[in-house]
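Considered here are two forms of the same protein chain, supplied as structure tokens in two stand-alone entries, structure 1 and structure 2.
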Structure 1
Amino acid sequence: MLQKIYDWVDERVDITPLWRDIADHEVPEHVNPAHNFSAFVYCFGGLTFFVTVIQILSGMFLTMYYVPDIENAWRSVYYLQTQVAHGQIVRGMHHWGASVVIVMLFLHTLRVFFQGAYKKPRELNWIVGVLIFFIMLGLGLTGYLLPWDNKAYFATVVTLEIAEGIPYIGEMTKTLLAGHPEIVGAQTLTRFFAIHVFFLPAALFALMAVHFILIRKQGISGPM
């Protein structure tokens, strides 16, 4: 059945060459753990992508129940954890995955830096990777407020105070994020939700697409 569907699509779109190009792509020997134990450091990028996919899928599930307003935000999270089947597991995956993806991205960045993989001709990909790092940090910061409990509220107050300390544009940045120069309230929650669910993921998808295209074009960097 699946073969018939594939043949039907392939006859109209001709996806076989593209699929063969991906499936038959050879992996360099120095990144194959079967031949070189130290090649495990090259897995950090793939593991980061794997955790990111889990974050995306679990986040999509959470948005089906989450209500981004100050009256119902905490209640919706509580309902998700106590009433929805496997809701506590999915939220736990998303909660802990937010920390794991930062750790894996940090390890991947260290590998690239210490092995000199940021040098010519991969400078542009290094810049894209650094931007992805900041996007991930932004996702972590904006997602922290969404449960709307005391810990999230006061952590966000501290975050906004840090943003206010930016020279020249600090006050404007704080107001843009919080929706009000002084109050952390309904508009703050709504804006953080929009940034977390729409703006930052859109930027992340675009940067990841560029990242993978450059990796495919330039190849995986050689050993140090």
Structure 2
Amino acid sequence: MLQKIYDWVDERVDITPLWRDIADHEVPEHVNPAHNFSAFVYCFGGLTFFVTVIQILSGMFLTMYYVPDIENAWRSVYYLQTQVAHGQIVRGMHHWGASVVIVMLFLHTLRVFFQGAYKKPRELNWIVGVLIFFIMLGLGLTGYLLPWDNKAYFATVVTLEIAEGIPYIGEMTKTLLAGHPEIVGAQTLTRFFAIHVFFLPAALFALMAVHFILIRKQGISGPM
């Protein structure tokens, strides 16, 4: 039955080459932990992607309960964590995933760096990777505020004070981020929410797509 559906679609759309290109590409021995256990260092990138998927899914589900409003943000987080079945786990996955994704990115970066895998012809992919790192840090920074608890509020105040300290454009940057020149409040929360949920993920998806396309095009770096 499935085969028939597949053939029906394939006859009309010719989907086989699309996935065959990904499925059939060769994986060399030196990245395969089954042959050489030290090759587990090549898993860090894949695991980063895996945690990113966890983050996207758990984040999507969290917005079913969360409201970005200073009166209700904290209550909604408290509610979803204490009253909703498995709320503790879903929020826990998003919270710890944020830390784990940074750790994995860090390890992946170190692997690429110490293997010199960023050298010609892979300079561009290295830059895209570093940009992904920045985006992840930005996601961490903006996501930290969203529960609107004391920790979130005061950490954001400090962050915005640092932004304000930049010469010439500091105050502008701060106002742009906070939505108000002096108050860290309702407008800050909605801004951080928009950045965390729409702007940065959009940039992240675009960069990740480039990252993966470049890997497929160039192939993984050879053995040392």
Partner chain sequence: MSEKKQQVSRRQFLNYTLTGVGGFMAAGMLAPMVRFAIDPVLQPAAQGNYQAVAQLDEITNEPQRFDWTMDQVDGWYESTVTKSAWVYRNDNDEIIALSPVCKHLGCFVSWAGSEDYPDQFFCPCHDGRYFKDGENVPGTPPAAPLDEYEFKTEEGTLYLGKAKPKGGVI
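By convention here, residues take numbers in order along the sequence of structure 1, the first being 1. Here the structure is a predicted model, which means the values were calculated and not measured. So that the term is clear: the rigid core is the largest set of C-alpha atoms that superpose within 1.5 Å between two forms.
Looking at the condition given, the form predicted in complex with its partner chain, one finds it describes the source of structure 2 alone. Core-aligned CA deviation for L176 between the two structures: less than 2 Å. With a cut-off of 2 Å and the rigid core superposed, M60 has a Cα displacement that falls short of the cut-off between the two structures. With the core superposed, R12 shows a C-alpha displacement of at least 2 Å between the two structures. Taking the core as reference, the Cα of G165 moves 2.4 angstrom between the two structures.
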